[in-house]
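To begin, one chain is listed below as structure tokens, in the form predicted alone.
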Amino acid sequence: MKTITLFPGREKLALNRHPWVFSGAIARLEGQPASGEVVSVQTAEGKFVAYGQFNATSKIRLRLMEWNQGSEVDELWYRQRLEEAWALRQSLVARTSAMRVFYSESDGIPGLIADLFGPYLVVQFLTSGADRLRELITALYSRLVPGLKGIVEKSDGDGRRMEGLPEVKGLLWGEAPAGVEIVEHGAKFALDLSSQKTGFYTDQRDNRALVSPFFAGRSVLDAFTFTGGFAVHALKSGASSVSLLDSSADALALAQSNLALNGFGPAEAFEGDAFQVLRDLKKQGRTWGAIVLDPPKLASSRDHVEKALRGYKDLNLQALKLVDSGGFLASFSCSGLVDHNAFREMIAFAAKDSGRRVDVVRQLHQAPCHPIRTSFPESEYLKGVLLRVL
């Protein structure tokens, strides 16, 4: 195994089991490791640190995986990581047939994402190291998941680009999915697995159930609706009506079909950029008893954080202007680079500028199928608040 040596003093985070080592921490390489190859990492004094994936083209030069020098990162090691992750999710089976069954570094294999939707698994190999494991991971999951019918790859997005990898999509094993339907807290959803990300946001599962009782008897605007998740749960909890907002006509159509799947009629829908649509709705004098804001990631790098916070503040300020007195705003950020403190401060500034009293009723987090490793705070990316607006 090839060895990589760190500069003096650059080993602290790695020894504390943080999995990322950036290019500036590396003093020298012994040998020429290929992209994604597992290497041994040591301190300047030659002390073993960990085994990890190497990628010469990424700013994150090393993604650490195993801190026990006596362990061998082989097929058995990977199988054990998948089994550990699978065991954690078994407590969720009674509540949902859709869940993230593997969450990258949090579950021990950097770059591997796997979402289970009924009998189909959608996988993403987002790093060069994970990319090398495609055949092995496919074979292991085909034996691990009971009743599995197919494994589909959807390796795309910022992670692949940062690693210098092209997008890859296609069927890896079994049959191609058709007419996928899942159940979440008693609500049914038809999915399009070729749509955004892996096809459904399982990280919001518990938040949809937690906020929807507050919407009983109220009109609800579900902004960035995608599959209509919050809208469906709102109506199941007794909301008087729902309105849908999304920039994608396909997403609005899917959300409408999910309302119908659960026995509800078609909803009022707005297609367009939420930043502009919310302003237009204010000019029209519209208000709602509750609003959900679940925008896509606005900060893809540290250079974009300040701009993202301005965007989040604008969205929340416009939404606060549209909430009836005594109503609610459920607001979220899935930008991992925007931490809880910055998010809450942004909410406070938006509340101040709205001229209204705003109370935090609940703090909201990602579902337990997205575990947060204590040595890797970056794995906690989804944060949210349920606000009462007076």
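What you are looking at is a predicted structure, and each value in this text was computed from that prediction instead of being measured. Quick note: we count residues from 1 along the sequence shown, nothing fancier.
There is also a form predicted together with a small molecule; it is not shown, and the following applies to it.
Among 91 to 99, 227 to 235, 168 to 176, 259 to 267, mark the stretch whose residues have heavy atoms within 4.5 Å of the small molecule in the predicted complex.
This holds for exactly one stretch, 227 to 235.
Quick one: of Pro119, Pro296, Pro213, Gly157, which gets a non-hydrogen atom within 4.5 angstroms of the small molecule in the predicted complex?
Looking at the other structure, the residue within range turns out to be Pro296.
Using a 4.5 Å cut on heavy atoms, which of Val180, Val152, Ala209, Ala274 is close to the small molecule in the predicted complex?
By the 4.5 Å heavy-atom cutoff, the listed residue in contact is Ala274.
Indicate whether Glu163 is a 4.5 Å heavy atom neighbour of the small molecule in the predicted complex.
Glu163: no contact with the small molecule in the predicted complex.
Would Ala85 sit within 4.5 Å of the small molecule in the predicted complex, counting heavy atoms only?
Flag for Ala85 set to no.
Taking any heavy atom pair closer than or equal to 4.5 Å as contact, tell me whether Ala114 reaches the small molecule in the predicted complex.
Contact with the small molecule, no.
Can you work out whether Asp246 and the small molecule are in contact in the predicted complex, taking contact to mean some heavy atom pair no more than 4.5 Å apart?
Contact with the small molecule, yes.
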